[in-house]
Ligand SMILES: Cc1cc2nc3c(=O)[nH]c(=O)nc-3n(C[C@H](O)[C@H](O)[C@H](O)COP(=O)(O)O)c2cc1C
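There is one chain below, alone, in structure tokens, taken in the form predicted on its own.
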Amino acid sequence: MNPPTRLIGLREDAVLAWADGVLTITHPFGTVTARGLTPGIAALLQELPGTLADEDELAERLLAAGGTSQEVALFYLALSRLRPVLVHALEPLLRVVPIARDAVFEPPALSADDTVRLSRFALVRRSGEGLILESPLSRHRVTLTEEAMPLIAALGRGVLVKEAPEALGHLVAAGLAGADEAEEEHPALRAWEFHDLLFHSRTRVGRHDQPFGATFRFLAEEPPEPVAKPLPEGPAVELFRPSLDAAAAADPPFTTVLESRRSVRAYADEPLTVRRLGEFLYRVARVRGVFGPAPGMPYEASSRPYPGGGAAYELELYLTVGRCDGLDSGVYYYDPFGHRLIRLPARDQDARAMLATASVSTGGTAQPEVLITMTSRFRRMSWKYSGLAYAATLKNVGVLYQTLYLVATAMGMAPCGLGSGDADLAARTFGLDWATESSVGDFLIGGAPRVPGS
């Protein structure tokens, strides 16, 4: 195989404009202006978006057109200004594309006997019709060819620099590979798991170039998901609707509620009543009103007691009841419009497994009375948001957890948020498609035990 060829180019979405002696470069991370360039340099640079060329051959073209050595030096200086959009390719193996404003591509000083390994945070995935290599630690993305795959595979165990000096130099410069054992010895990186660091980097801006925020990417393709899902079939249990004025008068002061909030994993001898459960759900999760569409919000939204990103309220509540006075044991869907429970045809063994899994999440300390499982209708969020849809859902879960805690504490109930659950079991129990609507949070509620002496 012939030695790979080093080439450079600019991101295909870079736009260069030359006017009045000023070259303006507009790219996804901002705008750069370069003054003092010659028309010859500007013409060469304007050829580079979406293409690749040999850097030295470009300089030779400049000289051949009558340029001076000073003009060539100015050309190289101009390239350094284009670092955020400068592509470094090693044909026919790979292409390194910057994906962040502060991307730095600096070929490292490697000795022939150094060993380089792929970062444990690196991943290869399909993009379009090709493969890319990326990592949350890197501010570059590498496009791979089939010829590069044997090297990528070998980098799992480590490759000597002398075996592929150019390719390894590019991968190390891009932050996707490094010295053997370097990451394992880094105190901060040792604590991160692969999926957590990737999720963190991709759900904030700064380390990627993907669409982000309220992009409404499916606006022209399909309608948004409805405010609430269509009701499942099954017998309905109408729930008690409390007077909010009476509840406000009976509640302890807010600061008292906030300071006395605790996770409680034991319950009273007498079970929670369906009346109390109805008041609790009414104060926590009912739909208070519907509004929209409106300018900037091309979908129908709702108002509920807890805040939700974009007022989309993608979360649904399902109850697995083990013990509740006035309510049969079983599995229910909470209708936030009608404020009622709809019995689902779940198997008894699945309902028992849901409660057992919840108990395991408490270290076996709780024997659940009522388990509230939160699911997310993912398309309700992803229809509007790019990049942060799932992260926003998890934030909404946290907000709902706090609301559940505070209302339960105010009512003198026993609340406990859980840190894990079985999404596959929940999907089977509730009759859901895992990829369409899946569990994202679990919460226990019951009657608070009596405090000795009270």
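Note that residue numbering follows the sequence shown and begins at 1. Computed from a prediction, not measured in an experiment: that's the story for all the values here.
One more form of this protein should be noted, the form predicted together with the ligand, which is absent from this view; the next part is about it.
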Wondering, does Q367 line up within 4.5 Å of the ligand in the predicted complex on heavy atoms? no
With the partner left out here, check for me: in the predicted complex, does some heavy atom of R262 sit within 4.5 Å of the ligand? yes
If you check in the predicted complex, is G50 within 4.5 Å of the ligand, heavy atoms only? no
Can you tell me whether F29 touches the ligand? I mean in the predicted complex, with a 4.5 angstroms heavy atom cut-off. no
Among 247-255, 354-362, 306-314, 187-195, which stretch has residues whose heavy atoms lie within 4.5 Å of the ligand in the predicted complex? 354-362
Report the residue, out of G412, G417, G40, G387, that has at least one non-hydrogen atom within 4.5 angstroms of the ligand in the predicted complex. G417
Heavy atom within 4.5 Å of the ligand in the predicted complex - qualifying residues of 385-416: Y401, Y405, C416
